[in-house]
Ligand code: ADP
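The chain below stands alone, shown as structure tokens; this is the form predicted alone.
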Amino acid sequence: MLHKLSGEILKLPMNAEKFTNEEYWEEIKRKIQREAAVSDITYHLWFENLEFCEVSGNTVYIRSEKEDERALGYLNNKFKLYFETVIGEELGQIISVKFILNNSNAVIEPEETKVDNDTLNPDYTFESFVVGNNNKMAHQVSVAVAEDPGKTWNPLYIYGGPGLGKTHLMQSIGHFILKKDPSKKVIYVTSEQFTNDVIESLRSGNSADSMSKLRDKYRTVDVLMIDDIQFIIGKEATQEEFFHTFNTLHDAGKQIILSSDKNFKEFKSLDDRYISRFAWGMTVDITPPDYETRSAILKNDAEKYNIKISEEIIDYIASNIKSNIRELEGALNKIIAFSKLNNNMEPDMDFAKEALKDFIYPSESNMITFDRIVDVVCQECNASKDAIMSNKRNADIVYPRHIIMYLAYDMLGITYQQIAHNLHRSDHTTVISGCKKIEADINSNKSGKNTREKVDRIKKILSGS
């Protein structure tokens, strides 16, 4: 929904004057970038052109150079909460952020209780999703759900490491359903957004009106998609609200789609009532793409630009970035950005290597690989690689082996089966057990300090920081 500003530039509150300083505003945007955990590419696309505009009461107006209302709607839905949190902390008060279209006083302002289909990224469709051996099953199931929502598999639970396409696949279902029937109410949120809505409802005194708005938003939809559902675990009020929302929608035959970094069976702190409900539907996983799929993704993305990307460059990126599609696409985007800054010059290999020096290191020793994780852990834990790969069960061997399992899953995003294969294990359940053991140690207030410090130190060595 668009509203018009009055056109009057209001006097800024005393503690908001600092936002008019360009360097200070840049620091604030960079802080938001860190809080939102987004890449420099994403920052360049969404944050770099945002200008602090004015303050009216407890509302901060931010102007974007982007002319596209739908794109700005995506910015509003994806990052609004981060801007409100960081700027609110700087001002020392609770504020609301409004984004303004360039050269206009038109403000993006979705109604609180209305389902806004602009929560879907317009680029995330089945047509743009590259199917490979790593995601074929998940894709087929998603298409089936999109063709017959609420009936085929409900809920649909998609899991896999970060940056592998879970969000893309979820939102593709939403777009397909809306294209077939625009009257459908489809909502996509992250678990953080869902949690914040619950918190906001509770902050309002848990009044009947605030709870009614919350439930109208989530319990009257045809399709509810929640990304990274693992982050609601342990948040009692959020879990309870989600539980009743799930039951209401499922009983009404409405489609529920969830994503997570792990299979729900691996969350030992998750109540049985959630596990049983997730098991009602279909669970599918997405694993890291193979070389052919990585190359296809890059070629598919390259077609969107008027800059020719050679097969040699495609091969260079696909051969060196293996575990994460987000990083894969980020590398290509950086080459495109460098090319545009150089008058749309067609990139050659030297150009590509220079553009990607922060993505792909010239020395293999600087890259985070499975072998490098093993080498660093062995060095830090005073263990031999041969012993780690053997069947020895000594405590001084099992402990570093478990750390290797945990770091490989956490930093590389590869599957338990792949980790087991790399460690010469015949059963991947030993990897699951090992990862859980280290995770439990890290999260333990009593005995986890040493493990937490050791893992943090190893991560710093691997990342070169």
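Model, not experiment: these values are computed from the prediction. The numbering used is simple: start at 1 and walk along the sequence shown.
FYI, the form predicted together with the named molecule isn't displayed, but the following is about it.
Heavy atoms within 4.5 Å of the named molecule in the predicted bound form: which stretch in 324-332, 347-355, 94-102, 369-377 meets that?
Contact criterion met by 324-332 only.
Heavy atom within 4.5 Å of the named molecule in the predicted bound form: which of S210, Q239, S128, T248?
Contact residue from the list: S128.
With the named molecule left out of view, choose which of L258, A383, L164, V141 has a non-hydrogen atom within 4.5 angstroms of it in the predicted bound form.
Among L258, A383, L164, V141, a heavy atom within 4.5 Å of the named molecule in the predicted bound form occurs only for L164.
Does any part of H168 reach within 4.5 Å of the named molecule in the predicted bound form? Heavy atoms only, please.
It does: once the named molecule is placed as it appears in the predicted bound form, H168 has a heavy atom within 4.5 Å of it.
Can you work out whether I187 and the named molecule are in contact in the predicted bound form, taking contact to mean some heavy atom pair no more than 4.5 Å apart?
Contact with the named molecule, no.
With a cut-off of 4.5 Å between heavy atoms, is I309 one of the residues that contacts the named molecule in the predicted bound form?
It does not: once the named molecule is placed as it appears in the predicted bound form, I309 has no heavy atom within 4.5 Å of it.
At the 4.5 Å heavy atom threshold, is A146 in contact with the named molecule in the predicted bound form?
Heavy-atom contact with the named molecule at 4.5 Å: absent for A146.
The named molecule in the predicted bound form - contacting residues of 132-155, heavy atom within 4.5 Å:
The stretch touches the partner through N135 alone.
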